[in-house]
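Below sits a lone chain in structure tokens, taken as the form predicted alone.
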């Protein structure tokens, strides 16, 4: 294998990792080692400032052993050969190991992966990046005199990982990028804003915006100056893919991360193999989805990325696992063991979570609604895994009348409900599909890049 994707320090240590695993498994029934290097840079241009912000880099190793009952870890800063070897000895010293425990070691793989890119951000000078953001700022400000600020924020994250256990010797070099535009406008009713973003595991080639895309975000920001509040009640609703995705994320994302099953904090646990939605509902989590913001080639515990179907034809069939929850619950693993960085614990976490597509064109879906609401853009979501309630806040939505969208905007709009009721009301699923990337925290911490989305959905929902 070629170490072309790794830092020189990581490449130098890689041939020694098999020996480290052997040291760990001289006592433990399972041992693994991973090396990780993560760097982040953010570039910001708006009407009053320019910034280049260097994120705190992390670099080091993680040693893992299974003692027959639980996983034990030791974190080492930096890439020092003697520290890694001594750390392995220290981790197994004075620990009682049981040989009865079984661990799914994953596939026998020896492979290197790297994000495919046409324009690698590391090869683009800082001044060129800033020039691009300046030009984007200029284009936005030229659209309408009511714009008081056009903020263009670009972030790039580079993550390099080596994972080694007795079965696998793998590396991955992942480049994530995200560009967010926030347009703020001022009118008689005050100051409001709208935004648009592009993101993915890719190079800078995905960051171009057409004039129409920029004009649309400005137009919707201006319309917010005159938007009405919606009358609370139950409505026929068509959700845009971004809204569909957050419904998916909150209902069958957090609620089926199986560490919550171990803590008895997820009502979904009692619904396994039971109906949780209409027959049109199919939900997936897939870190192998090409180019998506939450994608990777293997998780932080060395499990190869693949698609996991969570809900099939309205039936909840399985949750998302890390190595520990899969082992304790004695269920098959999924590639969802993720950590914020090497100083944090692994949890089962979502990656790219979405509703599967249907067969109905969007126009036909809208045509089924005599009077209702099109939920256009989501701003946030919350869930209660134990009570299985969700709350999704939409930045704005538009009236549907006689099967057509009108220009009447409502903002903001909150959607609330009990998960099986919300998903059970879905009566139409469009044939189009789109993903939206962002950041997800577990509780109030443990932030990770994720994606959610899917098709447009037709449902009944309580709005307010």
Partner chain sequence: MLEKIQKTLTKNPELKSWNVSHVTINGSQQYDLEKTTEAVRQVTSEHYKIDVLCDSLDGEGKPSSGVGTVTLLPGGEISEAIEQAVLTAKLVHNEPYDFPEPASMPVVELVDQQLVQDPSGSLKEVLALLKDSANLLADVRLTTAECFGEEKITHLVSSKGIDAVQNSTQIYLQWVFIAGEGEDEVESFAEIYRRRISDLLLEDEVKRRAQYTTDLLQAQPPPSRTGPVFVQGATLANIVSGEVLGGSLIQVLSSASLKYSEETPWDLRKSIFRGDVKGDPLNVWANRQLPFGMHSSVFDTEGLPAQRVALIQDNKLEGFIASQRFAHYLNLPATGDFGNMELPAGNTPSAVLSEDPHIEIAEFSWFNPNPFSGDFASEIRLGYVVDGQERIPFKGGMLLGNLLDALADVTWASETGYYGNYLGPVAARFNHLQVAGE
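Here the structure is a predicted model, which is why all the values come from computation and not from measurement. Numbering follows the first chain given and starts at 1.
The form predicted in complex with its partner chain exists for this protein as well; it is not shown, and the discussion that follows is about that form.
> Ok, 406, 427, 51, 431: which has a heavy atom sitting within 4.5 Å of its partner chain in the predicted complex?
Result of the distance check: 51.
> So which of 376, 184, 137, 360 gets a non-hydrogen atom within 4.5 Å of its partner chain in the predicted complex?
Exactly one residue meets the criterion: 184.
> Thinking of 116, 204 and 370 as the candidate spot, does its partner chain come within 4.5 Å of a heavy atom on all of them in the predicted complex?
No, the whole trio is out of contact, none within 4.5 Å by any heavy atom.
> Looking at 301-309, 281-289, 158-166, 259-267, which one sits within 4.5 Å of its partner chain in the predicted complex if you count heavy atoms only?
After filtering at 4.5 Å, what remains is 259-267.
> Hey, in the predicted complex, is residue 232 touching its partner chain, heavy atoms inside 4.5 Å?
Yes, contact at 4.5 Å.
> Should residue 344 be counted as a contact of its partner chain in the predicted complex, where contact means heavy atoms within 4.5 Å?
Looking in the predicted complex, residue contacts with its partner chain include residue 344, since a heavy atom lies within 4.5 Å.
> Is residue 462 one of the residues lying within 4.5 Å of its partner chain in the predicted complex, judged by heavy atom distances?
Yes, contact at 4.5 Å.
> I'd like to know whether residue 62 contacts its partner chain in the predicted complex, with contact meaning heavy atoms within 4.5 angstroms.
Although its partner chain is absent here, residue 62 would touch it in the predicted complex, with heavy atoms inside 4.5 Å.
> Suppose contact means any heavy atom within 4.5 Å; which members of 371-385 contact its partner chain in the predicted complex?
Heavy-atom contacts to its partner chain in the predicted complex: 380, 381, 382, 383, 384, 385.
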